[in-house]
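Alright, here's a single protein chain in two forms, structure 1 and structure 2, each given by itself as structure tokens.
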Structure 1
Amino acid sequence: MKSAWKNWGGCLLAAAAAVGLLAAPAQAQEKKYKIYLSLSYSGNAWQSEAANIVKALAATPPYDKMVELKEVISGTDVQAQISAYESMLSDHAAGIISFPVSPTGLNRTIKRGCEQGTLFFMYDATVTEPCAYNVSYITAGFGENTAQALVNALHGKGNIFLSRGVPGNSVDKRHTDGAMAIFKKYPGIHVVAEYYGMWSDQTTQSETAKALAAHPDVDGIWAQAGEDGAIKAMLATGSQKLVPVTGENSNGFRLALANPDYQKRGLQGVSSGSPPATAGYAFKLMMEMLVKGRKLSTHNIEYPLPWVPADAVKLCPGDRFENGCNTFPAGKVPDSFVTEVFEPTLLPELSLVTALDGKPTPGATIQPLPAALRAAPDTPGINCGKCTPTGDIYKLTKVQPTVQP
């Protein structure tokens, strides 16, 4: 992934000032910043890892002397997260870093918070309120690229399942919109079951099992997070038949894609999707703004899209992604562990202990972010309201059609 940051060239936007903590005024470094970590949906490995990354960074020097971090989990109800935001604003939060439940439902409260001087940084999921900062990969094209990969694997024909995420969330909407933009081009592709796996392996396994009972002749599965549950549902039927699956970044899914026996039985696919590391990137950007070390020229920041086809899965001998490895051996981490937690250019402070336990890496100190970042394209209903899409928002970037529509 490191090379992706180096190769953006003209797509990069220079920050107005070189990065943060090393250049921060002494008085700013002495200040204790009250930061809230606001989760809506919780209960899966991805959310736990993203929260753990923020907690670990907040406990890493010199943040450990600068940050008072409080975590609030409000659930999937919009009003509950609004109430949580309101309490944080009443407590005079300097910043709120959040996984928002809705792209639009929180806007009024966010705007009021911005007006009183609170910074709002959203990670992964996004909002359309212009004063908030969105740090996300979702505009990088997970939906359309994985859909095309599945179409290619099926040679343009077949019955498929859509295993979606959390209803009403901007991530689920953008993914599904992108996927359907591709599937609708192919009259031979038929969506025979659509269900919400809630980005959970357990829920996805249960819902996929129901779909398999109704449609045992399925030819492929397009899945968001929880995709390892879709694999387990197929294995639980006892059938020798497996079908192509495109999914996200769980360690179990990557191991399944590389399993020679599963490949012989029909499994193929690609691992892509959401990096929990976006939470750490958003948190460091917020801190650099708070200590007056950075000004951002855009409110929508794009994180690169991971892309690991089956033939690119490589086991890591240690605790980090090094020398091209991208997956841990079975037993080292749970199958549900989301692999995309490391980014050596942006987040060199992270290690396996930060993702699993929320503890700082021993001996690590916060390193300044690069002075350049990539602006995300305007996407109506996702990261902006009354705006015009910039170019073809569903343009393929990782895979090209091998079957023409």
Structure 2
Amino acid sequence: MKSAWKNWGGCLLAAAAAVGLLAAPAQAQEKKYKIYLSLSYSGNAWQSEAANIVKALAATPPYDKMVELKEVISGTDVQAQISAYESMLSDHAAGIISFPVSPTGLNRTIKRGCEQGTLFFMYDATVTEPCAYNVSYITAGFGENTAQALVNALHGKGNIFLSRGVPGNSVDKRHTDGAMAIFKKYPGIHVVAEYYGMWSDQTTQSETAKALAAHPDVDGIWAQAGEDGAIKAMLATGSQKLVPVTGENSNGFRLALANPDYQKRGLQGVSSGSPPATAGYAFKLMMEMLVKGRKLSTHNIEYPLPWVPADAVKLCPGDRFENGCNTFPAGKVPDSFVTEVFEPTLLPELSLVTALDGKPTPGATIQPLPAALRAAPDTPGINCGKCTPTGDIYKLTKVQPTVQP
């Protein structure tokens, strides 16, 4: 955890200085900023939590008086999102905050919008059009770090499953490439099954159940989102044995990691991956550009990678992440709820109601962002078109090898 926050730590001072900047133009504010929230699809916990955070922030004072937010859900089809963008541009949107369906397919429309003066902020998924701003954890190394954690847990040898995301998706490819870069170093690690869980708990559960039928002797599971389904599939076999699992941020997965009975049966692992709170950070950055004329030093901003190993799971007594807690007690939220909906430094305005209902936290006001931000490394096909990656893009940042290949 510590290394992740090193860069952010120094920013607090700058944050205090920026408070005054925000207040002044807010008073003079007459016109409302027309902001569009463009989702690809809604229907899983992650997407609706991210959208709810943006809606809640837009309704938090003083933004409630300054922002006119409209939400458009266009589905998983690129053409549909292009035409959604086009109508937003015809309506002279000041800014579009969006989860893009494709890293390249939307570029032409985005370029046209930038020329018109519309700001484009992409959260989580990215686009390669240079005029858009990407705010994402993708480049932060989820794949390689979780893969190394799994290798460490298996002491460098064993049969593993790869529970992937959506076939053909650039995010799935980046994660898997990162993971394979690690697994290939260890000749003792064998990928015995590779399947697509579609980032859904149910699909991951049934696909894992099929893989377990073929390979009951599996030693570990490397999973993307949907990891709670992998745990449920193991529990459903009725076998006492559980194996190490690395995955993303569902509340059910974190509860399972911290369950002493499961730990005794062999479950260990780490919860990492995509945080819905990214959407809130992207929205606040965009608003600071619009309202305060903030200039950003880069178009590709990296959101810190969450990293919660089993021994770091800490239950939250209340509705916020306070005192280092990072998981909600069973029953408070569904197992599929993605826990990373808070960020105390960047997004102190958020609480559970913001993620669940899209309503502002009572009494909260928008706090300015730290002046510093972390630039994401150039990654071809993810955040730039024709560029050369700088340095080792699969460098480990969260965990170090405890076993040598």
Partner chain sequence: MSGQDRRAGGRRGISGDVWNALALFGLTALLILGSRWISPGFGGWSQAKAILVLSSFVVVVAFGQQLVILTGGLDLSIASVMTMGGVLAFTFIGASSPALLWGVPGVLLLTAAIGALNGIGVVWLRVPPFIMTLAMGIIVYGATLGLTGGTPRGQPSPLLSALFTADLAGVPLVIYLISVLAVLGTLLQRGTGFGRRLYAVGTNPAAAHIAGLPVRRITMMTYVISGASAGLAGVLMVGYAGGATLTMGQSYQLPSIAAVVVGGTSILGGSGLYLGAVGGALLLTTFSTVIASIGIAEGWRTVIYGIVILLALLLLREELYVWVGRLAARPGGIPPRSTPSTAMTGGNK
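The structure presented is a predicted model; accordingly, all values stated were derived computationally and were not measured. Along the sequence of structure 1, residues get numbers from 1 upward. Think of the rigid core as the biggest set of C-alphas that the two forms share within 1.5 Å after superposition.
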The form predicted alone? Structure 1
Once the core is aligned, please say if the CA of Thr327 is shifted by at least 2 angstroms between structure 1 and structure 2. no
Once you line up the core, how about Lys295: does its CA shift reach 2 Å between structure 1 and structure 2? no
For a quick test of reading the superposition: does Gln116 move by 2 Å or more at the CA between structure 1 and structure 2, rigid core aligned? no
Rigid core superposed, I'd like the Cα shift of Asp217 between structure 1 and structure 2 in Å. 4.1
